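Next comes just one chain, in structure tokens: the form predicted on its own.
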Amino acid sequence: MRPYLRLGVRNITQSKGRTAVTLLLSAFSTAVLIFSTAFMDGQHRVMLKNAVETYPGYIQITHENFRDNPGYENLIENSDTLVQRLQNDPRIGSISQRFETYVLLSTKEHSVGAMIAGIQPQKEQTNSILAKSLHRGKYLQKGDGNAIYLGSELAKNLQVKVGDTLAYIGNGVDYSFCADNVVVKGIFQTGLFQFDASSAFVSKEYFDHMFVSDNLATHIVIYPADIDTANELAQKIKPQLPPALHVQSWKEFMHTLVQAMELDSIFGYITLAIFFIVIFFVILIYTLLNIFARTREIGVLRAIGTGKKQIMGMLLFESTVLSFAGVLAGGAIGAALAYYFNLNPIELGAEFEKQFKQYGLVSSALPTTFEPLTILRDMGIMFVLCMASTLYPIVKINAMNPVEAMHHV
């Protein structure tokens, strides 16, 4: 090892206080950055889960013209056969059929137009949070017959409760007159006001009988075995579909949510950028004071023949070693925290659960993400930041005249 590098090692080992403070600054900054990024990404994942799993689903198959003209002429035909063929794909966790239409729901005193959907209750327990959003009564079961599951705001507008009977009027697929009395089995509350005020669900078996919709569907909803691959899975499913059908992942049919998440990410990274700037100047000021406190030492080294390049190499060596060690320690701490809270999300308690559901949130748990590549990226950023903050003080002191440096107080 070259003499000036050995001198750098001696400076690191003997100046314990200075070394400890430098390590703590870089380790703390790195740990905070990694945990902040993991927490922000975790909240985005929760936002996605809440929005997508409320009802839309991760992947939807519809007729290619259904979104522009959601009428009976644009339905998925032979839906049972299509589902049977797709459900053997190991990349698909769950697949269900839905048929949505609009009816007039009525009691003796009140009438409200609403969407009524025939669903497969057991499969919807995976594909959506309808069952988890139960507010009063019971969730639907297969073979329930004329039982209906209402949104809380819709029930309030109709002034009905669990066990009450109401009537509906609509049109079947063959455009015949369709009407019946249904019994309120359960009332759900997702916290999404418009959805809770305009949605009602019945078993698809009953729906098919009343609306003449056997082997037909408006939507086929897919829950991927790995939700992170939803977009790729949608593209791989596309060749297996008849030409008239269209498949989209949530990123396509919920593009507004994607834009909201991107905007939130921008503000999040602006906040982290401010954090970077603050940390940069904290480390810069500390390094500046630290190195200028060694001005006489540097002057003596210059006076006995140590060259500027050697001084620069010694100081950069010290900075590199301390920055690397601090970032490595902070990375380990930050990664450990991200991993722990990924497995054990921060729980705000049962008293917050009801309040969260009022705002459309599935639960009050606040998880982090654990992404090794993201952690390594953040560690790299902090290492560069730490090194950059030492360059100015090193260049500044190295430019001083040896005599001037030796007489520095």
Partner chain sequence: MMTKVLALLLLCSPLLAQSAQEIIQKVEDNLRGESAQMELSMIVHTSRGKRTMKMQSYSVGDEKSFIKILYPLKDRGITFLKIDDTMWQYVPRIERIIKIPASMMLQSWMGSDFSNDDLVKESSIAEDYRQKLLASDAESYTLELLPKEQAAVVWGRLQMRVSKKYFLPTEVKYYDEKGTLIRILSYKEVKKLGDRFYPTYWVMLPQTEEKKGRKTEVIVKDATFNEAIDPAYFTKRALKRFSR
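Residue numbers count along the first chain shown, from 1. None of the values given here were measured: they were computed from a predicted structure.
Keep in mind the form predicted together with the partner chain is missing from the figure; the text below concerns it.
Enquirer: Hey, in the predicted complex, does residue 100 get a heavy atom within 4.5 angstroms of the partner chain?
Expert: Flag for residue 100 set to no.
Enquirer: Quick one: is residue 80 in contact with the partner chain in the predicted complex, heavy atoms, 4.5 Å cut-off?
Expert: Heavy-atom contact with the partner chain at 4.5 Å: absent for residue 80.
Enquirer: Can you work out whether residue 75 and the partner chain are in contact in the predicted complex, taking contact to mean some heavy atom pair no more than 4.5 Å apart?
Expert: Taking the distances in the predicted complex, the answer for residue 75 is yes, it comes within 4.5 Å of the partner chain.
Enquirer: Taking heavy atoms and a 4.5 Å cut-off, does residue 321 contact the partner chain in the predicted complex?
Expert: Although the partner chain is absent here, residue 321 would stay clear of it in the predicted complex, with no heavy atoms inside 4.5 Å.
Enquirer: Can you work out which of 336, 86, 216, 162 has a heavy atom no more than 4.5 Å from the partner chain in the predicted complex?
Expert: The residue in contact is 216.
Enquirer: Name the single residue among 329, 312, 92, 104 that comes within 4.5 Å of the partner chain in the predicted complex, judging by heavy atoms.
Expert: Exactly one listed residue reaches within 4.5 Å, namely 104.
Enquirer: Is every one of 128, 132 and 232 within 4.5 Å of the partner chain in the predicted complex, counting heavy atoms?
Expert: No.
Enquirer: Select, from the options 175-183, 321-329, 134-142, 237-245, the stretch whose residues sit within 4.5 angstroms of the partner chain in the predicted complex by heavy atom distance.
Expert: Contact criterion met by 175-183 only.
Enquirer: Where, within 237-269, is there a heavy atom within 4.5 Å of the partner chain in the predicted complex? Residue list please.
Expert: Sequence-ordered list is empty.
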